[in-house]
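Take a look at this one chain, the form predicted alone, written out in structure tokens.
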């Protein structure tokens, strides 16, 4: 595709999409947080402005990335969450259909209830909280109303480095940078990390082959928060100097009160059947991420 419009491109995943596609296509990238020179301002919740901006760019594909992802914020601000994570997605569907172009939407592993050991592309979601319900509603609208679409479900996202990563890896790295010699990490939350650069690359492969539909898209290998934290410490060269204390989720109940599934492990069954699973094992992807984006971060 020679021209693409990427909405909500200012975050960790948007950075990866820009890096992956900017050398291959003419991009129009927008966000409400204009934190890069290649970004322009647009609030995709404002339908008419979103529509006019996409129409002016005349893209061959619309990529809708942005979302509220802080689960506690979403729980406390349900109207804003549905406006951002559901209704803005509906805006994107209307626009893509009107222009006759495919829509790319990013789903989440968080839409499952955690009762199974793993979830493939065909397992039925059962969202627990406001964030999950809003994302599931957005995914459902895309699947039932978009003429041509690609829905890719991510797991525990990692990418963007210290400036854009607001997720688990950066939270652990920030503690290590602050000199922490002990970390409390939950041992009752299971999932699958998703490296943003691998994710963007795998989306490109599907777009190039025009394999539309729904795909789980996470790093290979099943893990949990505790194991990921230990891997971060080891990859940072601090094994033996930092002690990790396993704790239950109740330990952080005051700060992380939004409902979360105990298990949100995805497997890329459909990608594998297509022969297009380019997602690396999570440990390999994590090592690459820390080496690429955190070099010198822990130095005094």
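No experiment lies behind these values; they were computed from the predicted model shown. Residue numbers count along the first chain shown, from 1.
We do not show the form predicted together with a small molecule, though everything after this point is about it.
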Taking the small molecule in the predicted bound form, would 201, 282 and 295 all count as contacting it (heavy atom within 4.5 Å)?
no
Answer range among 140-148, 153-161, 92-100, 178-186 for contact with the small molecule, defined in the predicted bound form as heavy atoms within 4.5 Å
153-161
Can any non-hydrogen atom of residue 245 be found within 4.5 angstroms of the small molecule in the predicted bound form?
no
Touches the small molecule in the predicted bound form: residue 261 (any heavy atom, 4.5 Å):
no
Can any non-hydrogen atom of residue 166 be found within 4.5 angstroms of the small molecule in the predicted bound form?
yes
The small molecule contact in the predicted bound form: residue 45, any heavy atom under 4.5 Å:
yes
Among 33, 60, 26, 234, which has any heavy atom within 4.5 Å of the small molecule in the predicted bound form?
33
